[in-house]
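A single chain comes next, written as structure tokens; it is the form predicted alone.
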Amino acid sequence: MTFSELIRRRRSVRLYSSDPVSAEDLERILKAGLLAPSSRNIRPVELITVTDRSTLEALSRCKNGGSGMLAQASCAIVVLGDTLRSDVWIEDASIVMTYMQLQAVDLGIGSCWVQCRLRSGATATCEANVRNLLHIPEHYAVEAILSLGIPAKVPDPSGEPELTKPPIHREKF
């Protein structure tokens, strides 16, 4: 698959079959994230893999909407940034998430970005809920959770954006 095909096939997948993601594929996805570039090569991002069914269920309730697919996911990867090591951990964590999503597509695995930073839960922030559940130290911030699973239905690739006014400017705004 060419890179152009790969990025068109990257779609948010929220419905998964009961088939598991293999340990080998999960390792490949994690390694792809670790290959992501990092500002000044500081690498402030750390990852927590979750495969325990009860923990995935609890994570599915970490925020008000948009996390329910975690209950049926084969596994999830929580992406953290060490706020003491870098002031651009958000950007670095976002690149890691993107690399892992692209690797998942290449392996035929569905994924969905579950945003945590700046999101609310029923009684606390999404970040506080995830932090408490997974015993995350205070100096780490939770950027997002990547849900992973074998798609119940493979979505069609994205087409060319149909924009009346493209958000692309040449030389000046």
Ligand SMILES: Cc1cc2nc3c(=O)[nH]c(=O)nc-3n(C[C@H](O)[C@H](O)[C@H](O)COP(=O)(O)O)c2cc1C
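Residues carry their position along the shown sequence, with the first being 1. Just so you know, these numbers come straight off a predicted model, no measurement behind them.
Beyond the structure shown, there is the form predicted together with this ligand, which is absent from this document and is the topic of what follows.
Site annotation in the model of the complex: the residue of Ala141, Leu26, Met69, Val50 reaching within 4.5 Å of this ligand with a heavy atom is Met69.
Of the residues Ser39, Asn132, Gln115, Ser120, just one reaches this ligand in the model of the complex with a heavy atom at 4.5 Å or closer; this is Gln115. Partner proximity in the model of the complex, defined as non-hydrogen atoms within 4.5 angstroms of this ligand, places exactly one of 105-113, 39-47, 132-140, 26-34 at the interface: 105-113. Within this chain, Ser22 is remote from the site of this ligand in the model of the complex, having no heavy atom within 4.5 Å. When this ligand is considered in the model of the complex, Ser12 lines it closely, a heavy atom lying within 4.5 Å. Taking a 4.5 Å heavy atom cutoff to this ligand in the model of the complex, the one contacting residue in 42-65 is Lys63.
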